[in-house]
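Encoded as structure tokens, the following chain is the form predicted alone, with no partner shown.
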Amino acid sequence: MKFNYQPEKCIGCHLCELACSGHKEGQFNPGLARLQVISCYRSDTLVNEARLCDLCLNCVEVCPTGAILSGEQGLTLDRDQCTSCGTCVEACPTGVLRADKEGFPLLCDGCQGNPRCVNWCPHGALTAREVN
């Protein structure tokens, strides 16, 4: 799943983050979302930016145990292989990859082709397409 973000359509509501964390973690906590929307004012204008997984696969390449895999459904984690070392988090060029309270990386799998972040975006700022 490849995501596209159009900042001019974003109103900074953070519903995408809430939908993600609600679906994946069972709680509405933007800190547990697999994406981030950063809202700030520049020259008295609200500016929204998004950090999204761009499937660069750096996390897959640097994982010392091979716990992160890339497949048709996106990124997956083998928790039995993961040592929670944080190497993948450090290697993420977009800064979107974070770890949960146990140290496991919060990987985006595109919600198995039904991304909740896209579904809940009220203005179409976030879209997704299948990667072949």
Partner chain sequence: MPGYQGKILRINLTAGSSVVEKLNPKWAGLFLGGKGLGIKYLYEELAPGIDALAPDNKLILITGPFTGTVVPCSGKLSIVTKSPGTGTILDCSIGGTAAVELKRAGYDAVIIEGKAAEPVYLWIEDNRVEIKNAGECRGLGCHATENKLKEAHGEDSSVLSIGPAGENMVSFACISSELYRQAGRGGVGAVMGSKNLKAVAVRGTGGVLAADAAKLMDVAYNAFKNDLLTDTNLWAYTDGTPMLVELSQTTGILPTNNFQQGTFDAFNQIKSESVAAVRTAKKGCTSCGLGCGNFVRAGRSAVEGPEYETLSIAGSNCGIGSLEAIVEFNRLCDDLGLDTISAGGVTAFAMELTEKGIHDFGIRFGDVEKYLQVPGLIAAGDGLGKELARGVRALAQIYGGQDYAMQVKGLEFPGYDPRGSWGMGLAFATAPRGACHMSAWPAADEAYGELDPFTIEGKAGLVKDLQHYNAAKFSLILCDFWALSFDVMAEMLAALLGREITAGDLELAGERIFNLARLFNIREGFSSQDDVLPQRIYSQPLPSGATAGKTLPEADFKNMLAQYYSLRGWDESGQPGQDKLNLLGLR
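Keep in mind that this is a model prediction, so the values were computed, not measured. Numbering follows the first chain given and starts at 1.
There is another form of the same protein, the form predicted in complex with its partner chain; it is not shown, and what comes next is about it.
- Query: Does its partner chain come within 4.5 Å of any heavy atom of residue 79 in the model of the complex?
  - Reply: Result no; residue 79 lies far from its partner chain in the model of the complex.
- How about residue 122: is it within 4.5 Å of its partner chain in the model of the complex, going by heavy atoms? Contact check for residue 122: yes, within 4.5 Å of its partner chain in the model of the complex.
- Message: Given that its partner chain is not shown alongside this chain, does residue 113 nevertheless sit within 4.5 Å of it in the model of the complex, heavy atom to heavy atom?
- Response: No.
- Message: If we define contact as a non-hydrogen atom of the residue within 4.5 angstroms of the partner, is residue 30 a contact of its partner chain in the model of the complex?
- Response: Because a heavy atom of residue 30 falls inside 4.5 Å of its partner chain in the model of the complex, the answer is yes.
- Here the chain is shown alone; which of 46, 56, 69, 91 has a heavy atom within 4.5 Å of its partner chain in the model of the complex? Looking at 46, 56, 69, 91 one by one, just 46 meets the 4.5 Å heavy-atom criterion.
- Query: in the model of the complex, which of the stretches 34-42, 102-110, 83-91, 59-67 has residues with heavy atoms within 4.5 Å of its partner chain?
  - Reply: Among the listed stretches, the partner-contacting one is 34-42.
- Which residues, if any, of 11-36 lie within 4.5 Å of its partner chain in the model of the complex when only heavy atoms count? Going through 11-36 in order - heavy atoms within 4.5 Å of its partner chain in the model of the complex - the hits are 11, 12, 13, 14, 15, 18, 19, 22, 23, 26, 27, 28, 29, 30, 31.
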